[in-house]
Structures are given as C-alpha cells and as structure tokens.
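Take a look at this one chain, the form predicted alone, written out in structure tokens.
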C-alpha cells in the first residue's frame, strides 16, 4: 500500500450500507418484520429455511437487489449457494456492487 492508495476515497457503498440495504430488501420483498430481519446473522438460513422465500419470491428479491444496489444480476450468477444463508447473499451483493 502506498501513500496514494492509503488515502483514496472509498468508492461505492460501504459493507454496512450494503448490509442495511439488503436487510431492507428482504423485509420489503418477503414481508418480514423488522425485528426478524435485524436478527439475521451470517448463518441465518434463507432459501429452504424462510417459507416466504420461495422460487417466485427469488425473482422479486433479485430484481429489487438490482434496482436498489444499482447492479446487474445475470442468470448464470444465481445459484443455490448464494441464497443458502444471509452471509452468502451479502457476499454476493458486495461482489456485484464492486463489479459495477
């Protein structure tokens, strides 16, 4: 790390911003209450664990992620692993934000 990169301005939203946006998306798309979403940790199961997150809800979730995070999600980007836990979905969202 040199002096130039040490003082570079951050580009894009912070991890905390992405986390809060993703929690809001899950709350809004799935109709979850705020307390439940606030309680999500890295190991919280999503697809297959939340009855609200069925295959139809996944499409809405991904569309909202694209809109609110200003990202593009290609069909080949989507797999079961990214939807398995909250940490998987957050890592996916963070990677897509960095790409954009």
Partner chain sequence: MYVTWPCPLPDGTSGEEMALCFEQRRSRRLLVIPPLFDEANKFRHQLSEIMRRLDEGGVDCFLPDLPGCNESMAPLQAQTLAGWRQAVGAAAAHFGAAHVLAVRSGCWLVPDDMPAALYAPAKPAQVLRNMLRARVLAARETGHPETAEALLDDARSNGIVLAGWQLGAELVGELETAVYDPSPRHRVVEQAELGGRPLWLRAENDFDAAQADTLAAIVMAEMAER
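The shown structure was predicted, so the numbers you read here are calculated from the model rather than taken from an experiment. Positions refer to the first chain, counted from 1.
The form predicted in complex with the partner chain exists for this protein as well; it is not shown, and the discussion that follows is about that form.
- Against the partner chain in the predicted complex, the set 42, 89 and 98 makes no contact: no member has a heavy atom within 4.5 Å.
- Put simply, residue 79 is close to the partner chain in the predicted complex: some heavy atom of it is within 4.5 Å.
- Taking non-hydrogen atoms only, residue 38 never approaches the partner chain to within 4.5 angstroms in the predicted complex.
- For residue 67, a non-hydrogen atom is located within 4.5 Å of the partner chain in the predicted complex, even though that partner is not displayed.
- Along 30-46, residues 30, 31, 32, 33, 34 each place a heavy atom within 4.5 Å of the partner chain in the predicted complex.
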